[in-house]
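Presented below, as C-alpha cells, is a lone chain in the form predicted on its own.
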C-alpha cells in the first residue's frame, strides 16, 4: 500500500500559557520566533510537493495564539493546498478565538474548528492551568456560527483530579447546551514531563474512569450523538474526515515541530527542538515499516473505530485472509464477546470498546 498521502497535519507550537497536563510539542509564545518558524514550516510543507490534500488539520499548541497578521499568513499559505470540497480544520482556544480570526478562517476556507473547552468548572479549569471560562466557550461557538462555520468540535476532559459527580454532571449539561455536532471526550492521562506529573498528581482510578466513560456514552447517545471512535462522538455526517485517515491507517504528511507523518512505508517524527526546526533540521526519527509492523499498526488504529474494518480491506492491503492468519488469536476474543465478526467486518463489541487494550494484546 503506497498511495499518495491524502492529508496534511500542520503543527503550531506556540501557546500563551502552558497547561499542567499537556505533553504536546509546545513553547511559550514569543513574537521573535513566529516568523522564522512559519518560514521554516512553509519550506517543509513545500518540500513534499505541490499536491492538494483532501484534509488539512492545523493543531498545536494553540494556532489561534498567533497575532492576526501571522494567523492570516498561515491560512493564506494553506488555503490553496486544499482540494475542492475538502475538510479544513483548525484548533482554537476559547479566549483567543476572536471574531477577526473566525472571519479570517471562513475567508480562507476553514470549515471545521475544534475548541478546547475541557471542562466548565472554574475549579478544574484553574487546576488545569486554563485561562478561559465556560462563557468564552459559548461566545466562541456563537462567533463561529455567525461567520458561517457550523462544523464545530468541543473537547471534553473527564476523570480530572478529584472531579466530583456534581462537576461531571455540570460539564455534561454545559457541553450539550452548546449544540455542536462533534464532541471529543478524553480522560486525563498524565505523561512524563508534564507539570501534573512533576507535582505527583495521579490519574483517577481505572474503575472511576470506566464509570464516567460509560456515563458519557449514555448521555451523548441519548442526545443524538454516535460514537464512531472510542473517544469521538458526532451527529451523522459530522465525523472528522482528517482523523479518520489516522484511524484507518492511511498515509498523511505531518509538518511542524514534533509532527509525525506516514508516507509510503516510512513513519517519521520531527524534532521537538525549536532552534533545530527553524534551522531546517526538521526530521528527528524515521521508521521503515515492514509487513508485520504494518499489520500491527492497521489493527491498533482500525479497531479504535466502532465500525472496525472490512475483511476485504484487510485482504486487499496484506494479500492475506484475516480469518486464516489470525484464527487462533481472534477466536477466544469472539468467544468472550469482545470481538464481533459480522457483515464482512471485524469490530469491537460494546464490551470490547471498553477493553481495547486486551483485544490488541491478544491480536498482535
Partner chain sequence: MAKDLSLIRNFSIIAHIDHGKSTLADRILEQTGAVASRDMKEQLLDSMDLERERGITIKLNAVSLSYKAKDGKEYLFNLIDTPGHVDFTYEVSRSLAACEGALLVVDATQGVQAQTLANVYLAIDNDLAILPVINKVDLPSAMPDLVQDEIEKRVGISCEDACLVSAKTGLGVDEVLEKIVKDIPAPKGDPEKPLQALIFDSYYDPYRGVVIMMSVKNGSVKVGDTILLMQSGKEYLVTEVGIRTPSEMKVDSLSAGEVGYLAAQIKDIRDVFPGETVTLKGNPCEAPLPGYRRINPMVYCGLYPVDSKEYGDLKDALEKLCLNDASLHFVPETSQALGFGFRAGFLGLLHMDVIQERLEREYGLNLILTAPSVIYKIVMTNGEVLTIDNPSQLPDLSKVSRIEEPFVEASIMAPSEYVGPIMELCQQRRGTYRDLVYFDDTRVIVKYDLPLSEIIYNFFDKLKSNTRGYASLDYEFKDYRPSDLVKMDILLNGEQIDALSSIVYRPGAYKRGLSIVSRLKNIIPRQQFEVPIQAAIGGKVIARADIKSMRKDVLAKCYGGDISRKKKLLEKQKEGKKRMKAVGSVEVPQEAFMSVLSIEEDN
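Numbering follows the first chain given and starts at 1. These figures come from a predicted structure and were not determined experimentally.
Not on display, but discussed next: the form predicted together with its partner chain.
Exactly one listed residue, out of 293, 239, 167, 138, brings a non-hydrogen atom to within 4.5 Å of its partner chain in the predicted bound form: 293. Taken together, the three residues 15, 45 and 282 all stay farther than 4.5 Å from its partner chain in the predicted bound form, as judged by their closest heavy atom. With its partner chain left out of view, the stretch that reaches within 4.5 Å of it through heavy atoms in the predicted bound form is, among 223-231, 171-179, 71-79, 122-130, 223-231. Taking the partner from elsewhere, residue 34 is found to have every heavy atom lying beyond 4.5 Å of its partner chain in the predicted bound form.
Interface membership of residue 317, defined by any non-hydrogen atom within 4.5 Å of its partner chain in the predicted bound form, is ruled out. Residue 251 falls outside the set of residues with a heavy atom inside 4.5 Å of its partner chain in the predicted bound form. Although the partner is absent here, residue 27 is not a contact residue: none of its heavy atoms lies within 4.5 angstroms of its partner chain in the predicted bound form. Of the residues in 285-306, those that come within 4.5 Å of its partner chain in the predicted bound form through at least one heavy atom are, in sequence order, 285, 287, 293, 296, 297, 300, 301, 304.
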